[in-house]
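The chain below stands alone, shown as structure tokens; this is the form predicted alone.
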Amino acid sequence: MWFGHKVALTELSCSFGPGVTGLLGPNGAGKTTLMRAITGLLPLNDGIVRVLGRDPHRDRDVQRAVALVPEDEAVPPALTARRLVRYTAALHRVDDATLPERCLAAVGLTDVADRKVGGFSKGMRQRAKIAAALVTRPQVLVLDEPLNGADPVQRVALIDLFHALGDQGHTVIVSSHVLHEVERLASRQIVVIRGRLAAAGEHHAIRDGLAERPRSVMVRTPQARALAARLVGLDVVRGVTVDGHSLVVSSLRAGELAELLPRAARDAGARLVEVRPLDDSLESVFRELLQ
């Protein structure tokens, strides 16, 4: 996909299935363009996009099965939260009269449902948009920064809600810049950088795929210098730094290091207090992909 001379997406091939998938990438990477293509709002310049086996840009049945919660303010400010959700239900000809109230309850807005959305905080507006999306009973739910502005309690409740939808067989796609929350939220990630697919899969598997890059392990022991002297002689070790009772070991072969570390500690007479990978989080994987 391109806009004038700017290429937004290119050579990108990926898929999303039931459950929760995180969509990651820096600003300008093409995430929003991809989400709009998936939901049928933008046609492709080249290539194909299929949702439930059909073209979301042209097929009305597919459009009814997909819902987008955008990050930008796409909410009529004069409507109350209750009217917004009921209006959305009427547009989609929802025949369950109780569903709007259940959706408001699911996002914790029942007590303020008669307040105008224009007076809501950012987090409350996001929750109102989520309720309006849920009332359409989507098979595919696409969420752009859905946790923006939410307080810690609301964030936990929304994450639980998205997990429940995924467990029920819905396809939930979540774009977010809060990587530690995406790590809790999504079992699988799609990473887009400069309009291209950079990685796909569970983040530990993505990290394992970066085999050519060293991995760092922090080791705490009262005998840090003695253990460091043992480790520097091992072929699997790229480097060791010591700071008090801690040392950081860098290796390209983390599996072999895990086997050799206890043996080296025993030979050095070092008692291991803690062994922890320093670059195994989703955030560290994301940083590496950006390099």
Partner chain sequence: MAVLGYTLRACLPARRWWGVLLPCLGAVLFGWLTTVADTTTQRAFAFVAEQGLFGLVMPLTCLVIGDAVLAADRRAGTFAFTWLSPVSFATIVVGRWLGGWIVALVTVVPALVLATVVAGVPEGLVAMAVAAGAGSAAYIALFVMLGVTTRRSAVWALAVVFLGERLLGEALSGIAQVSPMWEAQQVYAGLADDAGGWRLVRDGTPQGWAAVARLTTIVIVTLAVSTWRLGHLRPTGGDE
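For clarity, every value in this text was computed on a predicted model and none was experimentally measured. Residue numbers count along the first chain shown, from 1.
The same protein has a further form, the form predicted together with the partner chain, not shown here; the description that follows concerns it.
Enquirer: Which one, G108, G201, G123, P76, lies within 4.5 Å of the partner chain in the model of the complex by heavy atoms?
Expert: When the partner chain is considered in the model of the complex, the option within 4.5 Å is P76.
Enquirer: Heavy atom within 4.5 Å of the partner chain in the model of the complex: which of R188, R83, R194, R115 fits that? Just give me the one.
Expert: Checked against the cut-off, the match is R83.
Enquirer: Would you please decide whether N45 lies within 4.5 angstroms of the partner chain in the model of the complex, comparing each non-hydrogen atom pair?
Expert: Close contact exists here: in the model of the complex, N45 approaches the partner chain to within 4.5 Å, heavy atoms only.
Enquirer: Can you tell me if K129 lies within 4.5 angstroms of the partner chain in the model of the complex, counting non-hydrogen atoms only?
Expert: Result yes; K129 sits at the interface with the partner chain in the model of the complex.
Enquirer: Is Q63 near the partner chain? Define near as a heavy atom within 4.5 Å, in the model of the complex.
Expert: Although the partner chain is absent here, Q63 would touch it in the model of the complex, with heavy atoms inside 4.5 Å.
Enquirer: Any chance L68 has a heavy atom within 4.5 Å of the partner chain in the model of the complex?
Expert: Looking in the model of the complex, residue contacts with the partner chain include L68, since a heavy atom lies within 4.5 Å.
Enquirer: Choose from 238-246, 252-260, 36-44, 225-233 the stretch whose residues reach within 4.5 Å of the partner chain in the model of the complex, heavy atoms counted.
Expert: Result of the contact check: 36-44.
Enquirer: Can you tell me which residues in 3-22 come within 4.5 angstroms of the partner chain in the model of the complex, by heavy atoms?
Expert: Only a single residue, F3, comes within 4.5 Å of the partner.
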